[in-house]
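Only one chain is shown below, in structure tokens, and it's the form predicted on its own.
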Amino acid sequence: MIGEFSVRTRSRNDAVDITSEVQNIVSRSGVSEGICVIYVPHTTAGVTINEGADPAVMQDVLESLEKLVPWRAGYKHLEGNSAAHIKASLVGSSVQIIIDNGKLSLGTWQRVFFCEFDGPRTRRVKVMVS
């Protein structure tokens, strides 16, 4: 089963917890044991799994990526958003999660985050459950 949903981001760099939306697709699929692939079909956004209990963690991740890859640094890409492309490459466009008893098999503090690097925008997330 393949599902899809939209994510609206609020700023150029943003991290949005999408765990509930992904779990809803897993629940609707009826798969009790398997694998879930979350894929972001954008070149200036990504997806990651990290701590969700303290929002400061993802803020620290975004701020650290900004220090590593500043928005303005003499890039050659004419569109002017090379930093977003580089950050998306570093974070990655997909993650996989084991499904156990119909639930995402995440650790105690883990959540799934959509990472925006060229917002604000409305983006798409694709989820495959098998």
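As the structure is a computational prediction, the values presented were derived from the model and not from experiment. From 1 onward, residues are counted along the sequence shown.
The following text describes the form predicted together with a further copy of the same chain, which does not appear among the structures shown.
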query: Is Ser27 close enough to touch a further copy of the same chain in the predicted complex, meaning at least one heavy atom pair within 4.5 Å?
result: no
query: Closest heavy atom of Leu106 to a further copy of the same chain in the predicted complex, within 4.5 Å or not?
result: yes
task: Using the partner position in the predicted complex, report whether Trp71 sits within 4.5 Å of a further copy of the same chain, counting heavy atoms only.
output: no
query: Might Met128 be said to contact a further copy of the same chain in the predicted complex, defining contact as any heavy atom within 4.5 Å?
result: yes
task: Residue by residue through 18-52, tell me which have a non-hydrogen atom within 4.5 angstroms of a further copy of the same chain in the predicted complex.
output: Glu33, Gly34, Ile35, Val37, Tyr39, Val40, Pro41, His42, Thr43, Thr48, Ile49, Asn50, Glu51
